[in-house]
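So this first bit is one chain, no partners, the form predicted on its own, shown in structure tokens.
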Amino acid sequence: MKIDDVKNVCVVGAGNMGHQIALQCALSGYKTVSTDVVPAVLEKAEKFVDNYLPGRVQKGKMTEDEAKAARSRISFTGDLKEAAKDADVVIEAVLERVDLKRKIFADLDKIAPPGAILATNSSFIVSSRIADATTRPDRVCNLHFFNPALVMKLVEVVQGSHVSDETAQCMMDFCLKIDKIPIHVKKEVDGFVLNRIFSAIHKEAFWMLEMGVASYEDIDKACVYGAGHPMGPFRLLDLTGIDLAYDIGMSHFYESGDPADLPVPTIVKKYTEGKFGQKTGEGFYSYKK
């Protein structure tokens, strides 16, 4: 598959990341189908698109004709077969569970055209753990977008040893086509590139918080006003989801058996209290207003 062969895109999972990825593809000229098994999630995704496009017109970011054209290119369905049957590229953006992803990829392998590339947006589950659920492991890779996907330019294209050079190149080209900046991650490593860097920052930030060196607000201020980061590590955790940070830590612990991989006490406390960040209205900060 080469970039000129890509005409149709399917995004599986219409949550916060999924519907933004789908809209970005539609804005960039691709016929895109967004699908989800939860009707309420799909309805919310469609409402987001119907509000977002007129908002961009009002702000002068696009013309009314451009907004109408983008809207005509994106559709929503709860039927995975209907969504993926003509897809040249499928991007999965569901919950971070290996069993769920393997089931979806096995289904997609039967539905999508034989030459289609099947990508996962997972930030920590490497595609080699999913690829053997299909008959096309050379066309299964990580295509990791960052939140919010409509704003953040970076996308990590991860080429594990099973991924063909043609697939990796096609995904690099695809990212450019949808107005993103791709980086080529040549090996599968935990956290890929940026999250490995962030993990080091988060580790130090949590150490300082737990030791009472500074408050989470002041640590965030240090990163924003001293290091030039757009947001501090605790605000970022609220955005990406404290529940996700907990799940990643527990997953690493189950694999390694090393207590050092367990989520820090502050994350465990927030998780058990159901304070996952923006999605629940409270994390380290309050979003109830």
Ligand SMILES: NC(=O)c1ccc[n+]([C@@H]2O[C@H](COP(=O)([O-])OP(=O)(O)OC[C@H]3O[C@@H](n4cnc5c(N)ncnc54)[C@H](O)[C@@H]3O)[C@@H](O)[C@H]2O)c1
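Given the structure is predicted, the values throughout are model-derived calculations rather than measurements. One-based numbering along the sequence shown.
Here the subject shifts to the form predicted together with the named molecule, a form of this protein not shown in this document.
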Of 222, 41, 264, 67, which residue is found within 4.5 angstroms of the named molecule in the predicted bound form when only non-hydrogen atoms are counted? 41
Please pick, from 164, 147, 134, 75, the one residue with any non-hydrogen atom lying within 4.5 angstroms of the named molecule in the predicted bound form. 147
So in the predicted bound form, does any heavy atom of residue 111 sit within 4.5 Å of the named molecule? no
Contact test in the predicted bound form: residue 279 vs the named molecule, heavy atoms, 4.5 Å: yes
I'd like to know whether residue 127 contacts the named molecule in the predicted bound form, with contact meaning heavy atoms within 4.5 angstroms. no
Contact of residue 205 with the named molecule in the predicted bound form (heavy atom, 4.5 Å): no
In the predicted bound form, does each residue in the set 6, 169 and 182 place a non-hydrogen atom within 4.5 angstroms of the named molecule? no
Can you say which of 22-30, 239-247, 223-231, 57-65 gets within 4.5 Å of the named molecule in the predicted bound form, counting heavy atoms only? 239-247
Residue by residue through 1-26, which ones have a non-hydrogen atom no more than 4.5 angstroms from the named molecule in the predicted bound form? 12, 13, 14, 15, 16, 17, 18
